[in-house]
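A single chain comes next, written as structure tokens; it is the form predicted alone.
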């Protein structure tokens, strides 16, 4: 696969305040100079950021860039999803990231859809081929999966429902992704599965989040990060080396692109982009 056929993209989350919106616009302008294929924009638990997701997506579109809003089915009704799809279609959005999402605290029932494959089926039934649909993949398995085989079949159901491609949870273990791709190919999955990449900006918050979402930080990386203590400059320098090496190995072994979880910060993603010569 040649580089110009690969998809290099960036993820943002909707800002909560006017100050956050201003900061994101500035960061996004710098990220846009990298020429990503698209910006994805997250959607809060239970649709909690629905309006801000739409606002951010429309801003991106108006600036001349492609946007791919996340759409979470947990806590949603068929009517609410139908309304969102109509808004996106009316505004020229043609790319979605369809997810199950997390059940918000205090919510007892998931809503009209229990799983992402049901959301994908609904989008296809309502809109046909209007949207390119991405779904999530978990090379190290979803933290709520019963077992690896059940998780793989859950992923296949999303693709069978009509998804076009997938973006993975972030990982730092190349072998986890390579093994996952082998397993997918063994059951006939041949759609693009783009690795999700998380730059390393710090250790404590990354460790907490990774433990929650089931993303392993290999022991040698964890121990090295721990050894730096509060030396953030050394953490970032080491992190850049680790993640650059991971990305180089992924691309050398045929990964169909890279999707960067920017956390609305451009510096580390830009440094990785330049090291990898993705522009």
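Every value quoted in this text rests on a predicted model; they were computed, and no experiment measured them. Numbering follows the first chain given and starts at 1.
Here the subject shifts to the form predicted in complex with ligand FAD, a form of this protein not shown in this document.
Point to revise | Heavy atom within 4.5 Å of ligand FAD in the model of the complex - the one residue of 176, 197, 81, 136 that qualifies | key: For this set of options, the contacting one is 136.
Exercise for review: Using a 4.5 Å heavy atom cut-off, indicate which stretch of 183 to 191, 168 to 176, 124 to 132, 82 to 90 touches ligand FAD in the model of the complex.
Suggested key: The contacting stretch is 168 to 176.
Point to revise | Proximity of residue 95 to ligand FAD in the model of the complex, heavy atoms at 4.5 Å | key: Looking in the model of the complex, residue contacts with ligand FAD do not include residue 95, since no heavy atom lies within 4.5 Å.
**Study point:** Contact test in the model of the complex: residue 140 vs ligand FAD, heavy atoms, 4.5 Å
**Key:** Looking in the model of the complex, residue contacts with ligand FAD do not include residue 140, since no heavy atom lies within 4.5 Å.
**Study point:** ligand FAD contact at residue 163 in the model of the complex, heavy atom, 4.5 Å
**Key:** The answer is no: residue 163 has no heavy atom within 4.5 Å of ligand FAD.
**Study point:** Interface membership of residue 145, ligand FAD in the model of the complex, 4.5 Å heavy atom rule
**Key:** It does: once ligand FAD is placed as it appears in the model of the complex, residue 145 has a heavy atom within 4.5 Å of it.
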